[in-house]
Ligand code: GRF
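Next comes just one chain, in structure tokens: the form predicted on its own.
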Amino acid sequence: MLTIAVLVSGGGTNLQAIIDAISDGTIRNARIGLVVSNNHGAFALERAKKAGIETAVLSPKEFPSRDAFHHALLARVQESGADLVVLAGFLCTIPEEMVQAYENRILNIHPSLIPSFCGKGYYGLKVHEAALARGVRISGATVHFVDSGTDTGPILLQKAVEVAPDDTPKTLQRRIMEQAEWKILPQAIDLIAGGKVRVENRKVIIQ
């Protein structure tokens, strides 16, 4: 049984997609052991509590230094027995020590087709604003492993979504969540839980 720690900052729609996929059998042989947020007011915490999942709040503001926060975050995740860490809209930088401790075992979902509209400064609605400003016809989402860069880790899954002529950043964001993010993130977790994924030379091999 794969134990997952999910890190969140906001509403938790991707967390809900994981919870639902475990419940309906889309994700097999996995459980969420812990949901961690850096934000006491994150609605994702309510979603976790409703599903009977243990939660923790670790805010950088409540620690004497960023290093202290990083140490506490890693310790809490390790304490949960997590085999896999999933970043589901977590707006804090993942410390290098966690990347090393969970090499090729941290997943992130990004709302574009990497390498487009990714890297520093591209998060949330900013991604969709940039895509619309560029006039792209196709966008989508990417699930990738996390390395020490920003959105530079090995790509596991991608799904394309058409951009409508009258899209706003919010309507495009919603469509990409519904048609891509909420589908490929559970699919990626199921593949990992089934032992079907390995990383060789920074490339993902799905068996």
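Remember, it's a predicted structure, so these values are computed and weren't measured experimentally. Residue numbers here begin at 1 and follow the sequence given.
Another form, the form predicted in complex with the named molecule, is not on view; read the next lines as being about it.
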Query raised in the report: Of the residues 106, 88, 73, 131, which one places a heavy atom within 4.5 Å of the named molecule in the model of the complex?
Result: 88
**Report entry** in the model of the complex, residue 194 touching the named molecule (heavy atom, 4.5 Å)
**Finding:** no
Query - residue 13: touches the named molecule in the model of the complex, heavy atom cutoff 4.5 angstroms - result: yes
Requested in this report: Report whether the minimum heavy atom distance between residue 177 and the named molecule in the model of the complex is within 4.5 Å.
Outcome: yes
Query - Listed range touching the named molecule, judged in the model of the complex by heavy atoms within 4.5 Å, from 95 to 103, 131 to 139, 75 to 83, 108 to 116 - result: 108 to 116
